[in-house]
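Here are two versions of the same chain, shown separately as structure tokens and labelled structure 1 and structure 2.
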Structure 1
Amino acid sequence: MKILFFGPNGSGKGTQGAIIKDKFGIPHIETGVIFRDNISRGTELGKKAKGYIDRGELVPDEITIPMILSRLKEDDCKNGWLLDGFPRNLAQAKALYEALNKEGITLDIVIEILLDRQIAKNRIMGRRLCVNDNNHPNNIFIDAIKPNGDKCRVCGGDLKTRDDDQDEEAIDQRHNIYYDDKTGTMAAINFFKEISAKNGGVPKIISVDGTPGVKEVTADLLSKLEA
């Protein structure tokens, strides 16, 4: 089961990715982790990537994609993988698909979590962290986990916010890329939908409404994966 996983920041993609990883016993692969691993091991690709990162520049696809392919060939990926965080745009989608084909790697499934942009933004900015336990879910914009005033709904502890959750400009910038259906991430998703339509449903496209709670989204997603 080789899966590409898409969803905007705020959609709960990380949570669902962890659930899929545990359910099907496949690694949840994130590009940020691949970068850090290659840099820490001092690989040739890692050294090249570090140069770009240190200059505050984006790592080019000709470095990123070979890193990803190398990771997908590791032993723990023999039974499948869940790739998250790449591609982010149409050009990357085309380059990745071509690279997978050259390596004889068939993409089985593309998962897309659907979520209204304003809801996604509210969920990010509404997150509150319990000072006693960061795993206590609190969000002022989600009824099911709304805190008790300014106190944790689970233990009554004080709540705080993460600085990046309140950086509205940065959130908008990430969402501008994701929701762009001309050249951005939505365009990448549409590219794979077109491939699926031409190839008799390969890769399988799974779209899940991210609006309900975590349990409801999980149930919907797993039912479609197991169908």
Structure 2
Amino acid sequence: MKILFFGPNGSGKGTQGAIIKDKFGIPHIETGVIFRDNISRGTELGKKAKGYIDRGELVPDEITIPMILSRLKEDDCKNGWLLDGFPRNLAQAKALYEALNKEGITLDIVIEILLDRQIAKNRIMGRRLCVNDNNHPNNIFIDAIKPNGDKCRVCGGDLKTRDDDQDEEAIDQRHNIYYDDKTGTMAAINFFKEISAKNGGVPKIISVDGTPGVKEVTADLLSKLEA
């Protein structure tokens, strides 16, 4: 199963991605994770990418496109993959589609999580991390998981914020790219929707409303995947 996974920063894509990956037993390939791993290992790729990432800009296509296309050729991708964070613009979408065509590989599914831009931003900026366990959900802007005063709602532990969650400029910059339907990520999604329409519904397009809580979004996503 070859799947593309779209959703703005703050839409819960990480959580849902892990569920899809387990369902199909395919590797979850996240461009952001690959870049961050290279930065922490101090590789040449990491050095080139760091400045762009710190500013919330895209790493140039000349670096990103070959990196992902070669990752998709690794052994663990033989039975499929879940690609998350790529393509992020129209040029990357076209490059991916051409590369897959060349190899005779069919893209099966394109998933998009729909979320209003302001809600996405609040979710990022409202996120609070429990010092005892990062998985304890706390968000000052989401009623269902509001902290207990300034303490973790699960265990009462102290809460802190993640630096990049509070960098409003970088969040806006990332969302500018995501919601851009001329050349940005929305344009990439529309590109695949047009292909699907011309191609008898292949790839299958699945749109999920990301506004409700994590459990509801998962249920909706799984039912659409099984339909």
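Each residue is numbered by where it sits in the sequence of structure 1, with counting from 1. We call the rigid core the largest set of C-alpha positions that still match within 1.5 Å between the two forms. Since the structure is predicted, the reported quantities are computational estimates derived from the model, not experimental observations.
Engineer: Quick check: structure 1 or structure 2 for the form predicted in complex with adenosine monophosphate (AMP)?
Structural biologist: Number 2 is right.
Engineer: After a core superposition, would you say Arg71 shifts its C-alpha by at least 2 Å between the two structures?
Structural biologist: The answer is yes; the displacement is at least 2 Å.
Engineer: Quick one: core overlaid, is Tyr179 moving 2 Å or more at the Cα between the two structures?
Structural biologist: Comparing the forms between the two structures, which are aligned on their rigid core, Tyr179 does not shift its C-alpha by 2 Å or more.
Engineer: Once the rigid core is matched, what's the CA displacement of Gly56 between the two structures in angstrom?
Structural biologist: Its C-alpha moves by 11.5 Å once the cores are overlaid.
Engineer: What is the Cα shift of Val33 between the two structures once the core is superposed, in angstrom?
Structural biologist: A shift of 4.4 Å.
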